[in-house]
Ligand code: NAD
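First, one chain by itself: the form predicted alone, in structure tokens.
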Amino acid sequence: MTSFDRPHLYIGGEWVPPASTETIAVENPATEEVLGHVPAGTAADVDRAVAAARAAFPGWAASSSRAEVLDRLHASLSSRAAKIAETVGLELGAPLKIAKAVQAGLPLAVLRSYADLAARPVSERTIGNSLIEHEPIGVVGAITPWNYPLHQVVAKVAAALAAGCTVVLKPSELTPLVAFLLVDAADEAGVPAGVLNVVTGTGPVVGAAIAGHPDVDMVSFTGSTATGRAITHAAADRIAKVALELGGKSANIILEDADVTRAVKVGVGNAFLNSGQTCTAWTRMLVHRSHYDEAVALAAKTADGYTVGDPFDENTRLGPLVSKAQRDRVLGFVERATARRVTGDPSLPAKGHFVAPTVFADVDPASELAQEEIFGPVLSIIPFASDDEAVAIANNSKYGLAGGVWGSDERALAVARRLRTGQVDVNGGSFNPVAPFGGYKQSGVGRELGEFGLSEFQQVKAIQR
């Protein structure tokens, strides 16, 4: 047994053996070596976990100590920050700098925000003769992705717990190991039995069992639009609430009065963050024609300067993709592209699921390259002649998750307001972990983070007096 083998599930406050002896191998995508194994959970395991969450719900919903528990959980998880970064570096291939700052740092910030929100008394509101109450929705099924494996877990679990809900969590089978560190911290912090339960396994088995379970009151899912659609159908049979954070194809608009150098460099960095495996990545760079040639040359030079390789080498800026299947999918987009490739083709490590940083210019806004979510280090550059044309190109997408606009403040803000997307950064505005996060159109339903994320896990009741 390696140090990364986790043979048990966490149900009802205990580490318990799974119903099946089958396991899932967890791979290091940089070396293609197996790190360890986790249980391949079954519908029977989900039944046990949901029953534990249901039994724990009344006590947790009525508890006045949720803030204290989340405070202890934050302290316990913070003490594991170095281990979190190492684990994500190994199972995802995230470069060390990103693993420390984002993969470990962001979930701790989010957890801190929900501990603080749980400590605030809910202010009573009246409308006429009605008293308005906010109550926890019940048992939550949380199904999370592999690209930000702890952040996406904490964004759901911390919000649900702060609201008074209990949770059955299925982390991604590709990157499940870091979720066990959260469970270790929860166990140490004294999270009451049954409040947080974890069942590892595949989407078609464990994910489907959670989505269709009659005692799950809400399903919160982050992942592909296709899977989100299937989860919505499964939950619809019992009219259960669904919150979805799905795909993106975000546009980064560089207006004619923008600081082109900064806009391009930041834009390339955003597109290639986490090896491009980011749903909010600005994968379409829209540039005013007056700066187009300059921007293309600068984007190519910036991308060619990215060091690809070992995630634990501090010089590495681009690690591997999470799996061979993901690498092959991304390479398929690159090979089918008819646009002009402007980046070089550097040598890559002999082992590992690496893809070179790739920039295409003169991309047709209606092409596959500009319309489909690639989820790898691939950037498309598209020219435009006016603000109206830039907005039209940006909004010509089935997605609407994020975006960027660069230019004089008022002009950039005016363009940002016209974009049909859930978040827009103006002139490099930084990510806000307490602002609402979510998308328009096929990018999802509902919001995460901060007060808006908390309200997703609450019901509203009117009491007439």
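One rule holds for the numbers: they count along the sequence shown, beginning at 1. On a predicted model such as this, the values are computed, not experimentally measured, just so you know.
Another form exists, predicted together with the named molecule; not displayed. Remarks below refer to it.
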Only one of 343, 113, 270, 326 has a non-hydrogen atom within 4.5 angstroms of the named molecule in the predicted bound form; which is it?
326
Listed residue (89, 164, 145, 365) with a non-hydrogen atom within 4.5 angstroms of the named molecule in the predicted bound form:
145
For the interface check, one of 252-260, 165-173, 295-303, 105-113 should have non-hydrogen atoms within 4.5 Å of the named molecule in the predicted bound form; which one?
165-173
Using a 4.5 Å heavy atom cut-off, state whether residue 217 contacts the named molecule in the predicted bound form.
no
Answer with yes or no whether residue 203 is in contact with the named molecule in the predicted bound form, where contact means some heavy atom within 4.5 Å.
yes
Counting only non-hydrogen atoms and a 4.5 angstroms cut-off, does residue 227 reach the named molecule in the predicted bound form?
yes
Is residue 375 part of the interface with the named molecule in the predicted bound form - any heavy atom within 4.5 Å?
yes
Checking a candidate spot here: are 208, 231 and 247 all in contact with the named molecule in the predicted bound form (at least one heavy atom each within 4.5 Å)?
yes
